[in-house]
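First comes one chain, alone, set out as structure tokens in the form predicted alone.
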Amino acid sequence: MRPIIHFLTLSIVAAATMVAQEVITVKGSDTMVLLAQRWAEVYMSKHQDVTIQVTGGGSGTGISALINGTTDICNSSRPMKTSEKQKLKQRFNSLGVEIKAAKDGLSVYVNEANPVKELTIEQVRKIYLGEITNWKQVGGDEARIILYSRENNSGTYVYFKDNILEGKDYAPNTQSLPGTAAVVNAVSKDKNGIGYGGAAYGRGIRELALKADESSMAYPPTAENVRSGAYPMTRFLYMYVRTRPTGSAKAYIDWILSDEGQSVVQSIGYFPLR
């Protein structure tokens, strides 16, 4: 009988250990998913009693999960809309808590074989509105511009539409792709392609220098230019929670905002808050 009792004792201990394990769910922005995964890995390596589950799906998906109560933390590459906050208030009597977690220089990607090195914001706008359709119109080769974009549940899609396209619709021939990595992959294989996304994803393509207007200097999305605001497509990356965080969620968010957590931001290729 002793082995059985011993087995039961171990089972009880194991069950108690499992109960003690804290689980934090994080869902949302595909732009932030690499960063969120790395934050989770580093934090869990030092806090054995915490499990952090990270999934992407887009900022809109993460915000919906926050409203539905199926995630603890929502990652978003855009601010929550007033309508989304009202839905959160209707269900949880709270407008949510917004936490700026990092900075991003939203990049415009072209293929490495493309001779174009810089564009103005106005040129980028006209390209994605379908008013500029040939690379020759902006100093490139005689070739039709192939447009790649994120899907409409993406915070990056919304940010680009609101801030670059000034709320207007993308050109009808714009190809929507499910994540920033997919946009990078498409542009890296298409000599005439153009795309946009987070600076941390700029691999295998070239990030254009951007000019605020025709008379301005062109700035690439470097850490110095993003920090100073010289790069004209700089934005914050956010975390949202339903109410003021407590317990293990608060400890995790505090760590993300600490010097150690912000050093992870830099290691991934985004930009720390300070």
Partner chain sequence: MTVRYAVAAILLGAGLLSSAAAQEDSTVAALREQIAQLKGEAEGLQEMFAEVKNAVDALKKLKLSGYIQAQFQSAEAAGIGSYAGGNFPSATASRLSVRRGRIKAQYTNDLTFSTAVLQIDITQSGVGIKDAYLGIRDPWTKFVGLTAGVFDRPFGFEISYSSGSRENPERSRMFQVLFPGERDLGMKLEVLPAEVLFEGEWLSYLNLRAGFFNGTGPTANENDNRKDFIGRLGFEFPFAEQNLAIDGGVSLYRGSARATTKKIYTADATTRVFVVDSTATNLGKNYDRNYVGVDLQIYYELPILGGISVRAEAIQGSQPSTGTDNRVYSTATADLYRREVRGFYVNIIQNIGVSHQVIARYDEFDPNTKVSGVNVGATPTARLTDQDLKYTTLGVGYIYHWDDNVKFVLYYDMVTNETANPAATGALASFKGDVKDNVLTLRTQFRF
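Quantities reported herein were computed from a predicted structural model and do not represent experimental measurements. Positions refer to the first chain, counted from 1.
Below: the form predicted together with its partner chain, not depicted.
S.K.: Which is the contacting stretch out of 123 to 131, 101 to 109, 136 to 144, 151 to 159, given heavy atoms within 4.5 Å of its partner chain in the predicted complex?
M.R.: The contacting stretch is 151 to 159.
S.K.: Quick one: from Gln53, Gln48, Ser228, Thr70, grab the residue that has a heavy atom within 4.5 Å of its partner chain in the predicted complex.
M.R.: In short, Thr70.
S.K.: Is the gap between Gly96 and its partner chain in the predicted complex 4.5 Å or less for some heavy atom pair?
M.R.: Yes, Gly96 lies within 4.5 Å of its partner chain in the predicted complex.
S.K.: Heavy atom to heavy atom, is Lys85 within 4.5 Å of its partner chain in the predicted complex?
M.R.: Residue-level check for Lys85: yes, a contact with its partner chain.
S.K.: Find out whether any non-hydrogen atom of Arg242 is located within 4.5 angstroms of its partner chain in the predicted complex, and reply yes or no.
M.R.: Arg242 belongs to the contact set for its partner chain.
S.K.: Answer yes if any heavy atom of Lys117 is within 4.5 Å of a heavy atom of its partner chain in the predicted complex; otherwise answer no.
M.R.: Answer no; every heavy atom of Lys117 is more than 4.5 Å from its partner chain in the predicted complex.
S.K.: With the partner left out here, which residues of 250 to 271 have a non-hydrogen atom within 4.5 Å of its partner chain in the predicted complex?
M.R.: The stretch does not touch the partner at all.
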